[in-house]
Every structure is written in C-alpha cells, then in structure tokens.
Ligand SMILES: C[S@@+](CC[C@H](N)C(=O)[O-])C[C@H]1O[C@@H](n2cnc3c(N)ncnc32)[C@H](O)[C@@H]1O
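So this first bit is one chain, no partners, the form predicted on its own, shown in structure tokens.
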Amino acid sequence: MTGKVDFTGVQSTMLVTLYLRALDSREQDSILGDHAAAEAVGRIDYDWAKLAQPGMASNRFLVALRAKQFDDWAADFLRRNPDATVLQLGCGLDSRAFRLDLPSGVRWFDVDLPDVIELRRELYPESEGYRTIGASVTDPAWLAEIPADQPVLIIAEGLLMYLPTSEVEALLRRLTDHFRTGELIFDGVALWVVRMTQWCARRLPKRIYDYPGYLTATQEGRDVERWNPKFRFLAAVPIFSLHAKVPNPTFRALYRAANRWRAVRYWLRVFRAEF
C-alpha cells in the first residue's frame, strides 16, 4: 500500500482515468485489458468511493477506447522503429510502457510532476530501458536528459488541452528542435467543450465540478501544423467512431448514436502527426 494520496486540480484526473481503466479491465470483453491499473488501484491509499458512482463509471469505455487508440498507434510506430525513443508527456499513472510488447531496443521515458513520479516509482519499476523524469512538461530543462539519436514517438494523452495554446506551441517547438524525426500522438477536444469546461470551472461549486477547465481546443487535425509548421498531420480518429469495440450493448448503442452527430462525434479525437 502506498502513502495517502489526494491529488487536486489537473493531477486529480489521473486518478479518475486510472480508476476507469481498472473498471474496464474487469469487463468480460475488456477493451484495454489494463490489469496493471486494477493492481495499482488496490495498492494506492485513496478514497476510491468518491469515484464509485454510476455517472463516473459510465465513462470507463470512453477512457479505454482512447487509450486503446493510443496503444495501437504506438505499437505501429514501434514495429517500424524498433530502436526508437518514446517520450510520454504528462504520463500520470498510465501503464502503457508495460501494456505494450516493446522491442528490446526501445528507450522509454515517462515525464510528469515530481509528486506524480514519486508515486509512479512505488507502482512501476524502472529498468534499463524504462525511466521516469519528475518535472513539469513546460520546463525546458528536463529535455536535455533525453537522447536524440533515434526517431522519437511523443505521446501526449490528456495533456495538451490543459495547456494554454502558447505553451503548446512552445513545447512542440522544443521537441522538434531537440529530435530530428518522429511522430506525435495526442488527443484534443472541440472548442465548445473547452468553453463548457471553463464555464463549469468558474461557475459550479467544487462539490459538483472539481476539475480545471480545458484551455486549448483542437478544431481540426491541421491545427498541429499551425502550432508548429515542422509537423505534418497524418490522421484523426473520433473516439465515438470506435463504438463497435464497446462490450456493453447499451453503451455501444449510445456511442453509435453519438457518432452520428457531428458536434458530439468530434468532441474528443485522437490525432497523429509526423515531423
């Protein structure tokens, strides 16, 4: 059992997604099969009862579908680049480095704030090919620790929407200045979602909405080319378009219906770009 954990703000979202991945792992036909998440929930001293409510649990399929798309694209990149460097930004408590079947030549770096990394090190062991770095992703200094001699896969799940656009641009510029070539996979939300979460964060009591508002929207895949012209947009996948993978018939039907409405279909997407 870890020490008492009670993150707030953006950091609290990593506990939510961990809990939801653990719930998905208990499904008979789990989307993600993240059994490491279930083990971590059992080891973390946290009041999980705060999250054990029907409205929260219903999001488990959305979280699992998003993570599965990231996993599939990451696995594809590593098949083509078995000696790559992987840089996972704002990693939280994600177990992707242990879910994927990594080629022996891969060097994987998970980056997050120092208190998050302190907890990660209690849950997931470091090794010769796997390291963690405790720093803010917006701090330029930590990038000097990462070797730049191989193609890089940059993973930013649940991160860029929480940063101001100016910080997104500065971060991507530092990355393309440091690495010669690679890919970026990230998720983004529509502008109306950004505005809604900002309104909720300002107006609603914390007992109802205790999360920070999003700051940066991704209206279309080519936004990444405007943030940094070195990138070339490759693909975008709306999460609701993956409804066939949902094991629960009721939620599968709901996701299928949501996928028919453009505004809802595009509220959350996963994007892929190269440089």
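The shown structure was predicted, so the numbers you read here are calculated from the model rather than taken from an experiment. Numbering starts at 1 and runs along the sequence shown.
There is another form of this protein, the form predicted in complex with this ligand, and it is not shown here; the text below is about that form.
For the residues A148, A170, V106, V116, the 4.5 Å heavy atom test against this ligand in the model of the complex is passed only by V116. Using a 4.5 Å heavy atom cutoff, none of T165, G221 and A236 lies near this ligand in the model of the complex. Just one listed stretch, out of 135 to 143, 200 to 208, 173 to 181, 76 to 84, contacts this ligand in the model of the complex at the 4.5 Å heavy atom level, and that stretch is 135 to 143.
Proximity of G92 to this ligand in the model of the complex: non-hydrogen atoms within 4.5 Å are present.
Put simply, M14 is close to this ligand in the model of the complex: some heavy atom of it is within 4.5 Å. Contact check for G158: a non-hydrogen atom falls within 4.5 Å of this ligand in the model of the complex. Although the partner is absent here, R60 is not a contact residue: none of its heavy atoms lies within 4.5 angstroms of this ligand in the model of the complex.
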